[in-house]
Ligand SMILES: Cc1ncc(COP(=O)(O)O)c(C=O)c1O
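Have a look below at one chain only, the form predicted on its own, in structure tokens format.
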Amino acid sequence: MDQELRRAAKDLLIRYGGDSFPNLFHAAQGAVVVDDEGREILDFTSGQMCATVGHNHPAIVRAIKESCDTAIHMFSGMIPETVAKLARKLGEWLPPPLKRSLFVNTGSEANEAALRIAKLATGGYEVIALGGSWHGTTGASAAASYASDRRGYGPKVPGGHVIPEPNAYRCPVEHCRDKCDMTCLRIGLSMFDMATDGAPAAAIAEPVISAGGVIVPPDGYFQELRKACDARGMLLIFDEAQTAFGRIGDRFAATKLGVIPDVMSVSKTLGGGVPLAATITSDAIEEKAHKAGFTYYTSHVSDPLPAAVGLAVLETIEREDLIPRAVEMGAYLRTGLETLQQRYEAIGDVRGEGLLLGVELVQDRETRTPHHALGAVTTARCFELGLSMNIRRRPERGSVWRIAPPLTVTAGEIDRAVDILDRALKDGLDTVARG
């Protein structure tokens, strides 16, 4: 442990929000990170949900090394061979008519590009997004994010409309309990129809609303949203930052749901730990946007090194058969969490898909009052015991652990994580009881 480095991190870095730890971190491999004290910590956040195939997978390391011998960066008008290869491989994965890709760096960028395409293709500018959504921290993506961090930054990009999220456990319109009948969608669309300026462009949605508490919309929800978009001349955008490439047990949420969006953004799970994201659409929509003058030439669009890594990620998922593994390990993890739910009244709900799961903490199961204190204490205790997790706290919407280990996680690592959760809950409840 280097105290000078710790002081440098504390005194010289801008604090950017979210979870933070006093430790520095030295290395990562698979589902484990190593801190500056040499402690091995299970990472059940997959980094920032990005280490799809585990930290430092040999295929990713090899792709980076090979890129260092060929090309790391090029002028934006020069398309590297690796970018063409990734576009071809991604095209093999995508459901028709989605086929054309733009490769950028982050999910915020991918959503910015998606919204720019939608606005040009439709001629409108109004965007519907779901409550609890998180689409990024830049202009239009931030304007369409409602999970948190909206205050203090001045006016947002015009045209934003929020509709209530389909949260059956904590209904935002106080109508349903445990089974969403989509009243929230009908109310939200009615509110949009009353407020619209007559310039609709798009509805953007996460198929699983992750930062908002790992909310899984009910069967049929996206079919209804699809119809609503078509009726209003809007494009449907799926933000699959966290659901694409196997995490929820299918190639994409779109294929699992049987609803194909007009535009799809992917990010985290494509890059395997390096900055890589993509905006994807059809020939027809790309042609409309192109004719209208679409531009998105950033300094790092179509970079060769990230593209090589993205290609390695897709090939690794195929070669190691990680999508069925996500189903198997997700079911195993869920069983462990539901066992804890039977043991602890404070676990109000366990939900999610595949290896993207949420555990909601409550003061009691009848009132479902959020247990924010327990969430904070137990998350800190988990880290002390060797497990890193992410707690999503929204004052009005609950306290939810978001649990998302790599697709390569083992049953033994899941067992260890559940044991740590068990101990952390016991210790946390004792701490909260003592005040």
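For every residue, the number given is its place in the sequence shown, counted from 1. All of these numbers come straight from a predicted model, not from anything done at the bench.
Another form exists, predicted together with the ligand; not displayed. Remarks below refer to it.
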| query | finding |
| --- | --- |
| Residue stretch of 82-90, 104-112, 337-345, 148-156 approaching the ligand in the predicted bound form, non-hydrogen atom distance within 4.5 Å | 104-112 |
| Contact label in the predicted bound form: residue 281 to the ligand, heavy atom within 4.5 Å | no |
| Residue contact check: residue 131 to the ligand in the predicted bound form, 4.5 Å heavy atom | no |
| 4.5 angstroms heavy atom contact with the ligand in the predicted bound form for residue 165 | no |
| Non-hydrogen atom contact residue 241 with the ligand in the predicted bound form at 4.5 angstroms | yes |
| Whether 119, 200 and 262 all lie within 4.5 angstroms of the ligand in the predicted bound form by heavy atom | no |
| Contact residue in the predicted bound form, chosen from 304, 188, 136, 217 - any heavy atom within 4.5 Å of the ligand | 136 |
